[in-house]
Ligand code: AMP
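Take a look at this one chain, the form predicted alone, written out in structure tokens.
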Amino acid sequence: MRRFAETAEAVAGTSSKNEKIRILAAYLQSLPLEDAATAAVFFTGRPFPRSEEAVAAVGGSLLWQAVAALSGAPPDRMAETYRQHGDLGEAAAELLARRRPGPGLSLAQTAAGLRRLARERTQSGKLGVLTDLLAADSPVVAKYLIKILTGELRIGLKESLVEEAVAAAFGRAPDDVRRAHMLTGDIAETLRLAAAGALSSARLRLLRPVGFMLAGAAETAADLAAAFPGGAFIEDKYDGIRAQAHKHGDTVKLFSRTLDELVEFPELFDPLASLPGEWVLDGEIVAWRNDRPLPFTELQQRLGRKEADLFLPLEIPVRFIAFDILYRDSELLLDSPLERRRRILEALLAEAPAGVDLAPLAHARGREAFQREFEAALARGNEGIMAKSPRSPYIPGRRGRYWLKLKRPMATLDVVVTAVEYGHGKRRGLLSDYTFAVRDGDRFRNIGKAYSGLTDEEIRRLTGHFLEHTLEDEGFRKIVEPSVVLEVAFNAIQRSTRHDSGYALRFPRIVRLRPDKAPAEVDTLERVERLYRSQGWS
């Protein structure tokens, strides 16, 4: 594990994508096959492969207890160290720095220890296993064990780069590795297949999610006309939860775009199970009432509930709207053109029960036709349209020009920064996460938080400014004088109790700094309310 940690530190120490791949590939190549397979899983930031249902079930509180027990640090020092780093693993490495390293852990011992952790059912039992693991090696190994358990390595290593490193280590084509990993959901198995030259033998496994095909963005109907001169299939873009439905035997499972299982919509399982055969569908779970879609904020109330609420399905009914099919009755359909996949999907859903719908499909060609379809989708209460090439294959996990989305235009807001937080990775030590507000009379009301859109130089310059204009220092987070004005864009406005404005911007991103505007000139809460109502959600 010490070589694993050293490799992770080296990966974190470079911003070059190619160098990260080179470092990781050399490390994987140097290991025995099973150790390389284990290391590949850990480098995806997971204790277990994505395809497995095993979970460590260890929260931050338990990790903190283990670090406290091993370091002997008082609570105030632990809290201050965490505020300085904003990362539990980094904080643990500092707190454990004076502790004598243990005898060392091999990759196999670490994997076995993590599986023991997953099997433990009591908090005291988990704490014992966790403390033994963290004590068995050096502070830097403890740091990465914690990062793996929290699912955030924060070394600038995306899963796609791990796939490329596996390809480089064994002399395989990156696309072949990506496809095998997508089908198996197991980077360890994919590495073994790459080592054996058997990537083509990978097969899709039902009830295990695969990556979703993603869409590029278009700004106008003219963009769509230019991208699809021969015309395109048109579907409404729904404001729901993208979901993948699998049926194997009599079992149905739903998975989110993050490949997590969705269990919050039990009323969908029986209708989906009634569809014949075995299949994998791509679609959207949409809240629906009185023949119209409801806004995502309504649907959001049903997410993350640990216990079923008998009344929510009645208050916020949902539908599964299917628009693609990836697999049916032993046939993998990823390479089939969309027009054929659509015919297969229509046949499957010919007599679909209530709760399962086939997404309506139109065909448009030319700017005026695309514009008409777009305006009609907005009138139906949806976000916009999806334009898709009839010849497009289904390419999991990739965003390209086969599918383009045209969404409801939203105005930008001028806001003022009220609080800042330190970033991670290459932005460690820089105040790069900004909470911002709008005016409400003579007060500012927070409405969102963003961290993307500014250049590295702008962030460095603003860090100095915010340090000089801090009103309240909370360590990792600082309350600052409301003096920096930003222009932010967003996808929608939703009701929220998270911010004192009562609203939150959905997917906010910084467009630019507005040094030409004073804080007194930022947008008002009244304008936010008008924009919210204009969405037709009130």
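From 1 onward, residues are counted along the sequence shown. The model shown is predicted, which means the values in this text are computed figures rather than measured ones.
Note that the form predicted together with this ligand isn't included here; everything after this is about it.
- In summary, the region of this chain contacting this ligand in the model of the complex, judged by heavy atoms within 4.5 Å and restricted to 88-96, 109-117, 362-370, 229-237, corresponds to 229-237.
- Contact with this ligand in the model of the complex, defined as a heavy atom within 4.5 Å, is made by none of R121, R205 and R398.
- At the 4.5 Å threshold, heavy atoms of K17 stay clear of this ligand in the model of the complex, well away from it.
- Within 4.5 Å of some heavy atom of this ligand in the model of the complex lies at least one heavy atom of W403.
- In the model of the complex, this ligand stays beyond 4.5 Å of every heavy atom belonging to R289.
- Proximity of K517 to this ligand in the model of the complex falls within the 4.5 Å heavy atom cutoff.
- Here is the short version: of K126, K388, K247, K147, the single residue with a heavy atom within 4.5 Å of this ligand in the model of the complex is K388.
- Interface residue among D186, D137, E264, E284 relative to this ligand in the model of the complex, by the heavy atom within 4.5 Å criterion: E284.
- Applying a 4.5 Å heavy atom cutoff to this ligand in the model of the complex picks out no residue from 147-161.
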